[in-house]
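Let's start with one chain on its own, the form predicted on its own, as structure tokens.
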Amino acid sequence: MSGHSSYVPKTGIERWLDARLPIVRLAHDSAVSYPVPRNLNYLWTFGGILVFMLVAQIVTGIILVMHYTPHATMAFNSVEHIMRDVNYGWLLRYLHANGASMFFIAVYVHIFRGIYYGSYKAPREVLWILGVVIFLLMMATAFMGYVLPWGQMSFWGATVITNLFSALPVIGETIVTYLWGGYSVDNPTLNRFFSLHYLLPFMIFGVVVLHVWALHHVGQNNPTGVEVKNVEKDTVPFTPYATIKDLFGMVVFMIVFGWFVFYQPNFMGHADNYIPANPAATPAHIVPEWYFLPFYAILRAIPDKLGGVLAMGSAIVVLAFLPWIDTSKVRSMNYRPIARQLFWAWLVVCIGLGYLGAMPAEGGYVVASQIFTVLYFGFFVALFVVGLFERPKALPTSIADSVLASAKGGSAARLATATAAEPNVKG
């Protein structure tokens, strides 16, 4: 949806800068005059929330690093030093630790919204793939960050997850040795993870720039899935309309974030991570952070180690192929009755996998994980098949028509309610 710039420099300095480095024009065209569909709902505010959370994680992380010591004998104590001795260190750490969870909450909403409204379909395939790349980088960054406190769950989580690479034929053992920096998880491992945990957020930021660039080039999707036909009728300027909506959504999100930071800062963590890492004492139940649990359940559902690793990796990578898996010509599942039911069932399956990932790998939990794993991948097969024969509802002719139809429907409903509430004067 990129087009002719509407920016007009007003002062001599602006004209001088615009002729040499049109950064003000870029900001104006991207965040002020950029046209967005007029029917976007609050689910579209999570893109802005994610950018805010990324910046917040980078800023709090940089400050925490000033006081953290990446050494196996001092890491745990340095975190306690941050919590007890550094001015507002407790706040910085809780912002960073809970910020990771809130970051993933926002990204999961963003992903599910994209799937429901078909935001991966042409011409947005590259936009979607870049989003999956960001998701993979986020997972790598979060895993390495979870290791840094060097508590029991940090140490044993690193041991279990890095060991998975040994399942790969030929190169597996070599990869594990390089990750560990030796023959077991120890100080070299912590140093490697610290270095990468510091580097990857800046890589994420770079891919986010490409993601936003791709978004602004092809334009935003919308709840109807209908492309913009008339810019004046179908769109509104990003500022003030989308800006105000994004700010409101961000404030509500920050209130929830603040509640966790100040009232339940350890709710999404694990108690065992307040015990220093001990290679001689294995925790009774090793679990990753909550946002990895669905994939952890898939990993444990496959009896074969290599099969489990491939299944877990496929569960993420398959998302990148959604533009070609979904064969329907209609984007939004609002107009696809069968696909919509499949989506909600799949969402329940994902939540179920998250629950099963937190349970012990025994008895009925393993069987349930295997069933839910089949259902998880079955969704993508069903999406391919359903798209071939599903008969979608009639699409609105334009975004403006869908907005007007919604407004008229709401007015009619209010009129009917008001009429029914009137007293029967004749009686």
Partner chain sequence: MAHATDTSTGTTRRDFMLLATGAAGAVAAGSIVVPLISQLAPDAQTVAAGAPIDVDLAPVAEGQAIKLFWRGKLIFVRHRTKKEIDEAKAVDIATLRDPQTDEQRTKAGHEQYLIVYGNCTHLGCVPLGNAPGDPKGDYDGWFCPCHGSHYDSSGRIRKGPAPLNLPVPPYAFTADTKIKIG
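The shown structure was predicted, so the numbers you read here are calculated from the model rather than taken from an experiment. Positions refer to the first chain, counted from 1.
This next part talks about the form predicted together with its partner chain, which is not shown.
Interface residue remark: residue 300 is counted as part of the site for its partner chain in the predicted complex, having a heavy atom within 4.5 Å. Taking the partner from the other structure, its partner chain in the predicted complex has no heavy atom within 4.5 Å of any heavy atom of residue 374.
Looking at residue 241, you'd find every heavy atom of it more than 4.5 angstroms from its partner chain in the predicted complex.
A residue is said to contact a partner when one of its heavy atoms sits within 4.5 Å of a partner heavy atom; residue 205 fails this definition for its partner chain in the predicted complex, lying far away. Relative to its partner chain in the predicted complex, residues 160, 163 and 280 are all within 4.5 Å by at least one heavy atom. Residue-level contacts in the predicted complex: of 253, 180, 346, 117, one residue has a heavy atom within 4.5 Å of its partner chain, and it is 180. Put simply, of 184, 230, 73, 87 only one has a heavy atom within 4.5 Å of its partner chain in the predicted complex, and it is 184. Only one of 98-106, 332-340, 184-192, 139-147 lies within 4.5 Å of its partner chain in the predicted complex by heavy atoms, and it is 184-192.
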